[in-house]
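First, one chain by itself: the form predicted alone, in structure tokens.
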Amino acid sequence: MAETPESQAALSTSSSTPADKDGSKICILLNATGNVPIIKKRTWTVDPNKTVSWIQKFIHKFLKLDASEQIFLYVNQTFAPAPDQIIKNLYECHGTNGKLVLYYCKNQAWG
């Protein structure tokens, strides 16, 4: 699938390292839950100052979902972070093994 220049600038595929060499990006692992399409590239690096709502919009665009469909994000299958929550804060509190694990789905699941 083609990415927009905007998404390429802030979100990129990750190699085997959890973050960029300069440490300015955070590695996130996206896991599908429920009846949502699976994103084949599960590991991405993200600007730490991006918000949860930005990630939701990226997933929505990447999957080419209808405007009426919603995306819900969950941290470690436990809670739904606020849309204005900063990725850096989530990573500092809930990151494990150098990654922030986020689950995405089209229906409310946990929390």
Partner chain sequence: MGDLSWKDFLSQAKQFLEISQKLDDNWVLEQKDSSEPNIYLKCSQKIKCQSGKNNAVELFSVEYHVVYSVSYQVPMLFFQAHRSDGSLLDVEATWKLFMPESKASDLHQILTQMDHPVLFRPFMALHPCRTADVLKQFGKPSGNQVLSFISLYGPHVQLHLQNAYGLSQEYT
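Because the structure is predicted, anything quoted here is derived from the model rather than measured. Positions refer to the first chain, counted from 1.
There is another form of this protein, the form predicted in complex with the partner chain, and it is not shown here; the text below is about that form.
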query: Exercise: P83 in contact with the partner chain in the predicted complex, heavy atom 4.5 Å; finding: yes
query: Close approach of G34 to the partner chain in the predicted complex, 4.5 Å, heavy atom; finding: yes
query: Touches the partner chain in the predicted complex: Y74 (any heavy atom, 4.5 Å); finding: yes
query: Distance check, N89 to the partner chain in the predicted complex, heavy atom within 4.5 Å; finding: yes
query: Partner contacts for 88-107, taking the partner chain in the predicted complex and a 4.5 Å heavy atom cut-off; finding: N89, L90, C93, H94, C105, K106, N107
